[in-house]
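In structure tokens, the next block holds one chain alone, the form predicted alone.
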């Protein structure tokens, strides 16, 4: 199931990190549809890929790997996507330098001749990226978007139309569609509305009233989500010097809450999203002060953090990988937390009640205690023995 076959070649592709229990593919019908279109059919000639090719939102490096001969630039918000691209280039014998890897926080190439966009789950992230990319396209730029039909909505097409130019869609093939857009360099786009900020409500304890900053693509960017609100009410109370990891930090409100409650705590904010870590840093700096010590790390959970160096890990793990439901990310996060914690250190987890994280935590830590619950959420505590 790892092999993607196109007229450009056959590719052995995996997700990152590799997990033999993960049966999800590193590409889907939307990636295949786009590659077939670029190859040309009986009705359309092959696309001219001789100019500067930019691939946005490539989920596991399938598009960049297949197009490595064109030496494209990949733009992604995902650290894991970057690592998957490196891994897949190596697996398929391509030059690792054939693909230039950029995050969504970096400037795109000055001139873009071919722009290929994998439509993200977040409409806000698409809006922000189109604002950033629009000044770099020209009237002759070939713009093609791709996604599964359930990912492409009227609002998606309106964004392309409003920020780039005239837009139309293809027929659906294997539940996937293409988006074709003709750039209009004279289009009046207005300013990019991201990042956005809001003040926390008065019922969330120590962080009541603080300002939270959200870059585009962050979960619940307009308001505090109910899971985090519940977690904030039940965070551990600690004093004195300690190292705390906000694992999967999002906008950093949880780690910031701990920092405000304990001025001696040193906080590590980590997430695989470049947008999230930028949000966390903005939230922390705005509320904890410029001189307060903290670390902001984009990466795969707590990998790279020395073992036994963390006192407390706080975690709200995602249970989706794009459109697929999976507990693989939570398992990796829990295992990484166990390794990073010192003996006696604690992992506190907020999760939907139905996910059964207590079973996984008992398997990894040997223990799991229910700290708090309501009809929807549970807060669990595990101790490294």
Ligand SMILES: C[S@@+](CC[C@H](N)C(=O)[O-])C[C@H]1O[C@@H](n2cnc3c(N)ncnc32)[C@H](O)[C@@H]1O
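Numbering follows the first chain given and starts at 1. Just so you know, these numbers come straight off a predicted model, no measurement behind them.
What comes next is about the form predicted in complex with the named molecule, which does not appear here.
Out of the listed residues 72, 145, 250, 120, 250 is the one that sits within 4.5 Å of the named molecule in the predicted bound form by at least one heavy atom. Between the named molecule and the residues 228, 287, 156, 262, the one pair within 4.5 Å by heavy atoms in the predicted bound form involves 228. Residues of just one listed stretch (267-275, 158-166, 105-113, 287-295) have heavy atoms within 4.5 Å of the named molecule in the predicted bound form: 267-275.
Using a 4.5 Å cutoff between non-hydrogen atoms, residue 184 does not count as a contact of the named molecule in the predicted bound form. The closest heavy atom approach of residue 180 to the named molecule in the predicted bound form falls outside 4.5 Å. At least one heavy atom of residue 333 is located within 4.5 Å of the named molecule in the predicted bound form. Although the partner is absent here, residue 299 lies within 4.5 Å of the named molecule in the predicted bound form, judged by heavy atoms.
Annotated contacts: 246, 317 and 329 all touch the named molecule in the predicted bound form [non-hydrogen atom within 4.5 angstroms]. Within 4.5 angstroms of the named molecule in the predicted bound form, the stretch 62-96 places a non-hydrogen atom from 80 alone.
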